[in-house]
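Just the one chain here, the form predicted alone, laid out as structure tokens.
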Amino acid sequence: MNKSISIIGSGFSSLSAACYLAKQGYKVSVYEKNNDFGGRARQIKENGFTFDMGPSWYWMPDVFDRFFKDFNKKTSDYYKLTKLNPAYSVYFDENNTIPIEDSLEKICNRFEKIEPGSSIKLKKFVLNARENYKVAVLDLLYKMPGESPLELITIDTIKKVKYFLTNIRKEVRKDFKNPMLRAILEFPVLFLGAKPSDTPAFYNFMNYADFGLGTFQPKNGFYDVVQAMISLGKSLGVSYENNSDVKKIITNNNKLVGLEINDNFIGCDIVISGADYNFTEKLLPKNLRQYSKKYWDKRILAPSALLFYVGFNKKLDNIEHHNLIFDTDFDQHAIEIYDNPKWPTNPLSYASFTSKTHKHTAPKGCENGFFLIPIAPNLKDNQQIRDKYFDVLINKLEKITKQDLRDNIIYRKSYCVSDFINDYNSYKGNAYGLANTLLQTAFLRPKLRSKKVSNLYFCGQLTVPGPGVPPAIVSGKLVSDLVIKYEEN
């Protein structure tokens, strides 16, 4: 095999595709516009603090294991994982916290204390979620390149059809009455980038990922996974080029012949773009673009995010590794993301402190904090707005921890819509791609293979399977399978 493949971007889908295709014998080069590899999973190291810039929840460990197994490797060959207990804590106010522990039995006991009778319902709910997980993740996910609606039709999915016709919210609220328990069960679909009322109930498999499989943490943060995949790729002959900005896709008679990178022409036989789909098509002549501005404007995007990376010069009390701060109206915040896009009136938020689990990610006696507020994409952000919401977050954190913290902040960096656009060419500054609604699932998402340029392919969160790190890794596998199918004939 002497065909050359150029891959645009170095997010998880690109890193995955590079490994699979190099294993197949292709000459693979990965081109990253930024200095650091990993896309949204880059890392910040400043003043002794280490921050994961994006992904921070290590869920669905079987997907990571399956990836490395495909190369006769194990995750443990590259990085060490710690299972978190509690996996996370949910704060409804300063005196009302629910920890989610590391086994279903413990979680059921916790539910039962809050709502008598709920433990039996929870076991049934998670059993159904496990069955959906087996269908969706262990089987269907790897056989669904989005080329045909027939991919969705199997004996198992026919049995599950009713779960495609209702939504997560209805299923949760049918059995659980306590608003706190409802919020905990509806939370995991936020990883899919849509409201629980717009997400098919079949996606409750995320609840099994949460309660059934648990939450893990790589020793040095999520960047351990990036480095592992690059290490594997290099052993297979993949070339990785940073500071390589792709300016144009060069075509001849509707066939791709190469890329313009940093004003230089790089010839190749095949291109895969793990970069933003909309941005990638703008690198083509207009007549070779598949999707119009009108098409993209009609898509339901997953949220963007306002992020803060904060270093504290002391250890924090009453806080865990992962923390959900649900001290406000879940529905109102969702409306301000999806239905009436604007800066949230009183936001939900998430806070992570990896130094709670691995002390070396912060200087001795210090704590590192990663904060996230989900927001609507395409909002205008500026420093004044960022400062306003940082004050909101610190106020909430001080209430939760029952500590004064403002004078203990020794490092702070923010990241928002404009940064997603500048760093990742992200459409409208989205953070997670396209929402996984019913009409944006499988074959209804943008295609992995261009319909107009035969040797151009796509992968990542704007195509199949969808948003999240495990789906991105699978996306790389799916696109590599298509390349092998169409380019070797």
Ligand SMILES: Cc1cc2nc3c(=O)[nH]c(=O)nc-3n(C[C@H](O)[C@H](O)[C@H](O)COP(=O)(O)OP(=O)(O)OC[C@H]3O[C@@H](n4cnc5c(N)ncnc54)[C@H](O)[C@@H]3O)c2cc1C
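Computed from a predicted model, the values in this text were never measured in an experiment. Numbering starts at 1 and runs along the sequence shown.
Note that the form predicted in complex with the named molecule isn't included here; everything after this is about it.
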With the partner omitted here, the residue among Y163, F92, F279, Y411 that in the predicted complex has a heavy atom within 4.5 Å of the named molecule is F279
Among the candidate residues K27, K428, R40, R445, which is the single one with a non-hydrogen atom no more than 4.5 Å from the named molecule in the predicted complex? R40
Within 4.5 Å of the named molecule in the predicted complex, counting heavy atoms only, one of 51-59, 449-457, 436-444, 66-74 shows up; tell me which. 51-59
Would E46 count as a contact of the named molecule in the predicted complex, using a 4.5 angstroms cut-off between non-hydrogen atoms? no
At 4.5 Å between heavy atoms, is G468 in contact with the named molecule in the predicted complex? yes
Determine whether any heavy atom of A22 comes within 4.5 Å of a heavy atom of the named molecule in the predicted complex, and answer yes or no. no
So in the predicted complex, does S244 come within 4.5 Å of the named molecule, heavy atom to heavy atom? yes
Every residue of S10, L372 and D423 near the named molecule in the predicted complex, heavy atom within 4.5 Å: yes
